[in-house]
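This document opens with one chain alone, in structure tokens, the form predicted alone.
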Amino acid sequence: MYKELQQLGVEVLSVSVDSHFVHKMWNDHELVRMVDGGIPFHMLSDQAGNIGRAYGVWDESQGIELRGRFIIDPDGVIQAMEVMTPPVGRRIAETIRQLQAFQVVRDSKGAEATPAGWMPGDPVLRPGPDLVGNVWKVWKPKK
């Protein structure tokens, strides 16, 4: 879903402790069978674990990085992070939904909020004293 991410103005970088040689072999021999043309974004090598340490995903005892996803805004601020154990995969559609929600909030300069379960096109909340105790009048999530 890289194309959808690009349309949102998102840059994707993957980081692992594997060398760039391992990344090339993995891409050329496995990923090309799952993604037409292979991975279209940069895969960075963090063999020393410096990036993993900075983001809190470095596992010192095993010398690996846990699987993490970080949404970093244009100002370089981490807006969301998710760290998972290797056996559990992520869902890119949820990442895209979150990116869209963050963009709505950012574009409104914080005047709008996207409540739990919000999807693009759903109503937003406008935080303030009038909303307190009245969210139920405005937000009717789909079941």
Partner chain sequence: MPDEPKGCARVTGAILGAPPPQTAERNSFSHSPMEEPMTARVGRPAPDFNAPAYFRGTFKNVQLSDHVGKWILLCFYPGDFTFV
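The shown structure was predicted, so the numbers you read here are calculated from the model rather than taken from an experiment. Residue numbers count along the first chain shown, from 1.
Not pictured, yet referred to below: the form predicted together with the partner chain.
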Would residue 114 count as a contact of the partner chain in the predicted bound form, using a 4.5 angstroms cut-off between non-hydrogen atoms? no
At 4.5 Å between heavy atoms, is residue 15 in contact with the partner chain in the predicted bound form? yes
Can any non-hydrogen atom of residue 130 be found within 4.5 angstroms of the partner chain in the predicted bound form? no
Can you tell me if residue 78 lies within 4.5 angstroms of the partner chain in the predicted bound form, counting non-hydrogen atoms only? yes
